[in-house]
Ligand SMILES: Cc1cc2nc3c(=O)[nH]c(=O)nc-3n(C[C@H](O)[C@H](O)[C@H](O)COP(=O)(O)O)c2cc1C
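The chain below stands alone, shown as structure tokens; this is the form predicted on its own.
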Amino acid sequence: MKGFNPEYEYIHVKNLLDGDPYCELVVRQKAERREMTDSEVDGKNTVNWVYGKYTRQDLLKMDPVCLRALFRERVHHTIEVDIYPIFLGQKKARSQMGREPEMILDVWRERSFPEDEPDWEWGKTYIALARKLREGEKVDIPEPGPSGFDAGEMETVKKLIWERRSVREWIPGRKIPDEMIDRVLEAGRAAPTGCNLDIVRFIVIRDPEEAKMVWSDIPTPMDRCVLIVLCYDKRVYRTVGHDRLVPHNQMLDCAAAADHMCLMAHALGLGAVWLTRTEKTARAFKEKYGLPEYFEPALHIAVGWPAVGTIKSARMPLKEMIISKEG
């Protein structure tokens, strides 16, 4: 590991000899990563990532899904995380700021791919700001910060958060319109995603035979509900090295999306429940559904019209959930 990248080390976090049920190794940074100097960044010819560099030729051959994700990740790490401290006068703009995502955008254009989708527009906004900062121009934050909700809006938020519940019984034969499922999916799309990598993917299942591939610890008859399987695209994390650095974030992204989706289902008057998977059932689903190796099922939700009112589960007091409020 030291020969591959001396900034990282293997840590033995679980060991059979210590009484743990299995052995587990993790890769961890030995120290906080040093910010690269301007002389070390060459955004015209290479793109840096945590374990190496990509040349322009690498980018010209890269899978479009991975190239697009690399663009978002580079915008995030080379512009977004720096630009707000610059706005606040806490640091100065680097002369190479934003060069890497500019290069990726150039390659994307050279490959004649469309660039009018929201993620590209988002990235180009940051690139334009970075260019102005490099040239010494003074720029302002283009959007206001959160202003807070008024009392009526807060009641709606409270109602949504505290009244949402898991529904496991649905009305037989009552179809859910496609536009409602789309709104549930859009809520998942809006969920936060680590480093803006956008790895979450959806499989919507209405067919009873296909539904048999999905393991559930409760019955999910297909004349009563729709199943939505949430997967993540492992190619993206491999491209930026996150599969070695923070692999668990892939499941966390799917969890955030599922939570948003269940909230939207509740707001639409639908009943949803979050259902887990095991390693065995995930492998079986991939094989039976014919998914490529890089798509990994994380969990699934069932959505339908509630057949009966349910008793909302209650939580233990907040004071018993807080470990510490010091500092």
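The shown structure was predicted, so the numbers you read here are calculated from the model rather than taken from an experiment. Residue positions are given as counts along the sequence shown, with the first one as 1.
Another form, the form predicted in complex with the named molecule, is not on view; read the next lines as being about it.
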{"query": "Option touching the named molecule, based on a heavy atom within 4.5 Å in the model of the complex, out of L70, L270, V273, L59", "finding": "V273"}
{"query": "Residue among K234, R94, R164, R224 with a heavy atom within 4.5 Å of the named molecule in the model of the complex", "finding": "R164"}
{"query": "Contact flag, R168 vs the named molecule in the model of the complex, heavy atom cut 4.5 Å", "finding": "yes"}
{"query": "Answer range among 275-283, 46-54, 62-70, 289-297 for contact with the named molecule, defined in the model of the complex as heavy atoms within 4.5 Å", "finding": "275-283"}
{"query": "Contacts with the named molecule in the model of the complex, stretch 300-318 (heavy atom within 4.5 Å)", "finding": "K312, S313, R315"}
